[in-house]
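One protein chain, two forms: both are listed below as structure tokens, the first as structure 1 and the second as structure 2.
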Structure 1
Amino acid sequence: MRPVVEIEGVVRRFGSVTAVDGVSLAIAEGAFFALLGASGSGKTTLLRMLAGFEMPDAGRILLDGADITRTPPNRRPVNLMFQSYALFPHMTVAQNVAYGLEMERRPRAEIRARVAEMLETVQLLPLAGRRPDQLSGGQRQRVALARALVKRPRVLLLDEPLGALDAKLRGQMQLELKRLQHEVGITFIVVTHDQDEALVMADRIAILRAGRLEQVGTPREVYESPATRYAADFIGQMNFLPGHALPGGLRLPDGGLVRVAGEGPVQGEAVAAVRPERIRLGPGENTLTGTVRALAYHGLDLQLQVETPAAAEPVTLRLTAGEAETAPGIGERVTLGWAARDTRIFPA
């Protein structure tokens, strides 16, 4: 099946800054696609090009196979939910949501029915007569969402949709957005700089770095098999052990060997990478010994920082609640082990 959105070699420069630098992406129908990247990596710029507010300096954007690169925003079957929500302050909730349908010159009865249905979906029906300044942050966020969704766009673009909410509400809304997306069956492209959020919500993630794509894949792929050191560092927690690459592994400065499965550099300076939750107490295919320097209790798990002669940075591991019962104390000597297949190697 043809992807809904195809981005082909898109470039956007602002003066001497290249905000988006040759990005190519295909986004499948019905996907929940996350654009993830640090501040200034070009996420908003890319999204604004999809909405039509920025023109690419090079490249094309296709929607359902048709070139929309030069189509103005008001003629694209694509809607953007603004980071600031951009609600019309002089209109009620219902008028805000109806606006887009009025622009399509839909019959009054249809507008009324669709607005009511949409407000019902986002649980705002009782607040239909209020103005934006009489709403809480979470309610405004849902009005913005309803206003964009009611037009049934081919693609809904969301710029940091949960950025303005507090941590708890954010967690709820992440699941809520996912449920809603499933319910309406519209392709969502969401921008976020929060990797947890991307992992929870998206079914595909693109990692942007300085305007270029670092990796595109499912949450599991980017988490389990990061393509680059940057991606490995950006998503989740990661231990990096610098050393010298050799075929099948990496030589640590203290002479120890880290065995690595899969491809990577076979010579030169390199780093071995392993997730904290993959390391267990006791020897394994790869083994390090060291001294416990710090313990941090996180409710679900216990994090241990272990100082080893093999690396300057302490190695972090996560013990589950069960294992934590018999955890070593600070200052105790421990042996750490993990499997070769849980280890990746990247050029330094």
Structure 2
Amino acid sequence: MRPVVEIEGVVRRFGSVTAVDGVSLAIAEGAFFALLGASGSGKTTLLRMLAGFEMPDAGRILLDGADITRTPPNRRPVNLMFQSYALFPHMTVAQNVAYGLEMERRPRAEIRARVAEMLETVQLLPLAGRRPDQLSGGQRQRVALARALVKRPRVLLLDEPLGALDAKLRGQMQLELKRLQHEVGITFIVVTHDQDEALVMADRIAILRAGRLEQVGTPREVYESPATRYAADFIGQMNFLPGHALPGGLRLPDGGLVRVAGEGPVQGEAVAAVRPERIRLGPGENTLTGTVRALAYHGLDLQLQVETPAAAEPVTLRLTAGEAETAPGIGERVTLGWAARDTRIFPA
């Protein structure tokens, strides 16, 4: 089955700066796809090329198999939802949602029906007569989403759609966006720098760095099996232990051995990587000893930072709320253990 969007070797330069450097992606019909990266990674430039606001210097973009690389924005069956929402303050909710259809000169009966249907989908029909300044931040976000979806685009592009919301509302709207995308069945492509947002909402994630792809995969794949050290460090928390790679593991500077399941994928100077939640108090296939230097209570878990001879940076581990009741205190000596299968080795 052909993907709905195909990006083939796309390059975009701004003077001497290459913002997007040979990116190729295939995005499936009905997917919730996230472009994830830090500032300057090229994710927004890539989104703007999909929308038609930027033209690539090389490569091409296909939609349903048709080349749209040079197609103007108003002739592409895609819609872009901005972070600012850009609602018209003098219009009601219903008028804001209807605006795009009116510009297309759709019949009034069709406009009324489609606006009502979309406001019902985003659960705002009772607020159809209100203006944007009478709505909460989450409600304004849903109005902007309804306005983008009412035109029934083949693809909806979202540029940091939750960036203007506070942390609690952002968490609620992540699930709301995921529900709406599943309900309407339209392909969503979202740009975000928030790793948690991408993990919660997306079916697949592309991690970008300096205009290039680091990794593409499901949330579980990019979290559990990062392809590069950068991907491992960018997604979630990660402990890195430097050393020398050997068959089956890594030799630490203090002489200890960190084991990895199977053969080590690299040779020479390397780092072993392990997630904080994979480490437990007590010995394991891999074992370190050290001294607790800091505690951080987060409600659902307790984070410990343990100073060890294995690395300059403290090793971080997470204990569950139940385990936290008997957690060691600052200054106590502890033993840390984790499984070989939870270890990744990357070139230094």
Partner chain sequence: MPDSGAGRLVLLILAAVFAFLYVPIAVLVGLSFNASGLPTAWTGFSTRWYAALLQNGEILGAARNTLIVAAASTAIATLLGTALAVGVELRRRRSRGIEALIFAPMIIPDIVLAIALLSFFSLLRIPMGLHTIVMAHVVFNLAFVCAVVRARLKSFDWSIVEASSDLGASLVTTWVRVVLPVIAPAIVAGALLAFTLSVDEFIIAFFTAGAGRASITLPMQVYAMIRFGVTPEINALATLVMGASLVALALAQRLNRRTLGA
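Residue positions are counted from 1 along structure 1's sequence. Just so we're on the same page, rigid core means the largest C-alpha set that superposes within 1.5 Å between forms. What you see is a predicted model; the values in this text were computed from it and never measured.
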query	finding
Form predicted in complex with the partner chain - structure 1 or 2	1
Rigid core fit then Ala109 CA moved by 2 Å or more between structures 1 and 2	no
Core-aligned C-alpha movement of Pro126 between structures 1 and 2 reaching 2 Å	yes
Exceeds or equals 2 Å, Cα of Gly255 between structures 1 and 2, core fit	no
Shift in Å of the Thr92 Cα between structures 1 and 2 [rigid core superposition]	3.9
